[in-house]
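Given as structure tokens, the chain that follows is alone and in the form predicted on its own.
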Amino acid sequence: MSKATGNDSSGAAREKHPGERDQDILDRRALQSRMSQIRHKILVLSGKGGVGKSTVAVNLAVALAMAGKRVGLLDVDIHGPSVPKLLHIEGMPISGSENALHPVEVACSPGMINVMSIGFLLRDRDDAVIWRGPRKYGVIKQFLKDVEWGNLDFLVVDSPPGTGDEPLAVAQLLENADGAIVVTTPQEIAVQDVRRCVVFCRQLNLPVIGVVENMSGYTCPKCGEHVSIFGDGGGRAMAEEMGLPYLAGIPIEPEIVASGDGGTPMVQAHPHSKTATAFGRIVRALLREELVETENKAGISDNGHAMRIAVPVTGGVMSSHFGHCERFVLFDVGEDGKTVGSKREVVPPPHEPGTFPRWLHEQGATVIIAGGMGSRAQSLFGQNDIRVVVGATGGNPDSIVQSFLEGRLETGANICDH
């Protein structure tokens, strides 16, 4: 997964493309400016409908937010917007100014995602959108250019099935997208269509981040028997055949239907389910790539300072509740960005809301790794230029930090929201 820098306005923004009007140049500059605030852009694609692509996109976005990331979710399925229903935000009014639209904020403890969908603009949820290609392109460009997404770590784009106008428009407008996650089900008819989707990505020079096989079997909760309802392993076999990473197989679980209809994504409603575990693997894969390519270069943190990692400790192991830890262990990262140069233990002041972020900033910390942390605390750490990594597992702080530096740290659900 490549990092989208987005700030190269020296030539690209001034260059006039053949046949481009002055208004087109202004729109392109505005789009580049907006997208430069988003570090990673990921398209969720499928070759055919009915494979659960929107469910994957919504749960992926929420899982990333639960991992402490700032996330946006854009639904560009013009003819079948499912995201509002899946998040229980149908009929939400859109606000904004003359030149900007405000996304709908959806809480997904401990994080939040910013959402925009064509579904918000329909007068009635049963309205049919009968648009030709140019109008589709125009509204997708408006969603990318005019929505005040803010500073995001990830923008997840839920595209309609197939290789038509909407995915083509997004791929062309997001010139520096990180890539696409393609969703299939195990049966051959779906896999065939996904192959065409992969070829579509390659023809557009859009990297394929990996393959997700949805509806990947059913395990009876009473007897434990596993049944491959839609076939077995088609997505994995296709990924191996085409040289793509296989990210995860998401099983069929009865709760996922109730979660979707009820507007609470599975990863949030049932964080210990097999579905949530599968999305955890996908998120860890994305965060490992992010870590390798955008973090820990020459021991330098996001704010340009030498990296110093703080781990809350109680009884010699990482504390589940950072606000009530006995002490913090501070690790100074070496110039290679992969080894610990030195470490020391410090006793924090009495805990009060907002105390630790400010105090750790004074201690020179640039990263904090924790098992869990509330959204308010995460925001305060961000304001103090300290990157937050939540959902870390394991006990020994030395092992946790070394795994983090090597890109092997496994993170799951945020286990605390105090």
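Counting begins at 1, following the sequence as shown. Just so it is clear, the model here is predicted, and its values are computed rather than measured.
This protein has a second form, the form predicted together with adenosine-5'-diphosphate, left out of what is shown; the following refers to that one.
Residues with any non-hydrogen atom within 4.5 angstroms of adenosine-5'-diphosphate in the predicted bound form fall in just one of 280-288, 255-263, 341-349, 188-196: 255-263. Among 247, 215, 108, 144, the residue placing a heavy atom within 4.5 Å of adenosine-5'-diphosphate in the predicted bound form is 215. The partner is absent here, but in the predicted bound form a heavy atom of 251, alone among 271, 210, 251, 233, sits within 4.5 Å of adenosine-5'-diphosphate. In the predicted bound form, residue 55 approaches adenosine-5'-diphosphate with a heavy atom inside 4.5 Å. Taking the partner from elsewhere, residue 176 is found to have every heavy atom lying beyond 4.5 Å of adenosine-5'-diphosphate in the predicted bound form. Taking the partner from the other structure, adenosine-5'-diphosphate in the predicted bound form has a heavy atom within 4.5 Å of a heavy atom of residue 50.
Among residues of the shown chain, residue 228 is not one whose heavy atoms approach adenosine-5'-diphosphate to within 4.5 Å in the predicted bound form.
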